[in-house]
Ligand code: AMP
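Next up: a single chain in structure tokens, the form predicted alone.
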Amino acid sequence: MQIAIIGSGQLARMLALAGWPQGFSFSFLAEPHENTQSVDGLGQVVIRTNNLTGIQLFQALGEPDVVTVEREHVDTVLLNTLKPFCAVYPDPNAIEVCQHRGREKQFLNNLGIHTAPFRLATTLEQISSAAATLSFPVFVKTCEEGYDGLGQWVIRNNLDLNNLLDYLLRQNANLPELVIEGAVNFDRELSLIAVRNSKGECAFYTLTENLHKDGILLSSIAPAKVSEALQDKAEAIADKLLNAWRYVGVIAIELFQVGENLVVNELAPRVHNSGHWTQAASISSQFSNHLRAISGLGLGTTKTTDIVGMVNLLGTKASKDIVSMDNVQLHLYNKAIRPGRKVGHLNLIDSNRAVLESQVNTIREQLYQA
């Protein structure tokens, strides 16, 4: 089976590496200035041009059986031009909702799924009004683009608000559409990786506990220490989403735990950084299960009997001592190191939670002195 991936970053790389043992072949669509080092040698790379749509793009990508994405910020109009020629998963309509934080939150609320309280703004006056309504602190985010903390501001008081308004006023471009979110007093940040195939079969990995700094994921541990009831609530949220969209593929749901309740923060209609630990934990990683889902296969097991951790390598490499540990699995993305850049990750596994948590903390402190 031939699979085309929109994007040429580390997620495309790990999808291809998971698919090769299954006999899949791959091609990749990259933007004109996109770095393609992560997928070097893994399949044909096509550089996007304006004339490549529909049948021309289908042919350039090697006439794939299915097209998928490694990111949500893609041209959904372009994706729809491929649908007469091959399957496109996830459906571009689901991706389009997730591209815009306002649409995403409205969609979730319409399904009865809780999010942080929010307001949309396109003027400075609307930002001020939303901040007054929601009360400090508030989080101001661009509705489109923006990831790993980019395009996001924490507003704790009137001084912060005035500084942001001054900054936005000085921008030459038109004010982007923004979402202003009220604060959620959460216990911890969790995520759920879920998958659905075209037959409507769904599977869910265990909830993952995540640690972020400045909006960037540093480390994850799974299973999170939560009740069975909370896991059930997370799966019910995922099931509602997957079936509302008739979704095919993996989706990541970022969550806030508030006591025994869950609030959805964001969705990612793709494989996700907080699910990288699945590479060490199960017969079917999130990458393998995404490929199973989009290729029409039955889903693989999502169960694990051990405790698993993941530590991101952000602008740094792990020492020989770290990667020599017998329970550490190293994944590099074939990227040059530069400050803050995701260049790889470590997966760790142990039967003892306390030992695993201590090891994750120690490695994270060694890497970032924090």
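Note that this is a predicted model, so its numbers are computed, not measured. One-based numbering along the sequence shown.
Note that the form predicted together with adenosine monophosphate (AMP) isn't included here; everything after this is about it.
- Proximity of Arg119 to adenosine monophosphate (AMP) in the predicted complex: non-hydrogen atoms within 4.5 Å are absent; the residue sits far from the partner.
- Residue contact with adenosine monophosphate (AMP) in the predicted complex: Pro223 places no heavy atom within 4.5 Å of it.
- Contact between Phe256 and adenosine monophosphate (AMP) in the predicted complex is found at the 4.5 Å heavy atom cutoff.
- None of the heavy atoms of Phe204 is located within 4.5 Å of adenosine monophosphate (AMP) in the predicted complex.
- A heavy atom within 4.5 Å of adenosine monophosphate (AMP) in the predicted complex is found for exactly one of Val184, Leu175, Ala236, Ala132: Val184.
- Between adenosine monophosphate (AMP) and the residues Arg101, His276, Arg270, Arg196, the one pair within 4.5 Å by heavy atoms in the predicted complex involves Arg101.
- Partner contacts here mean any heavy atom within 4.5 Å of adenosine monophosphate (AMP) in the predicted complex, and among 280 to 288, 212 to 220, 293 to 301, 71 to 79 they occur only in 212 to 220.
- Annotation for 109 to 145: interface residues with adenosine monophosphate (AMP) in the predicted complex are Ala116, Phe139, Lys141 [heavy atom within 4.5 Å].
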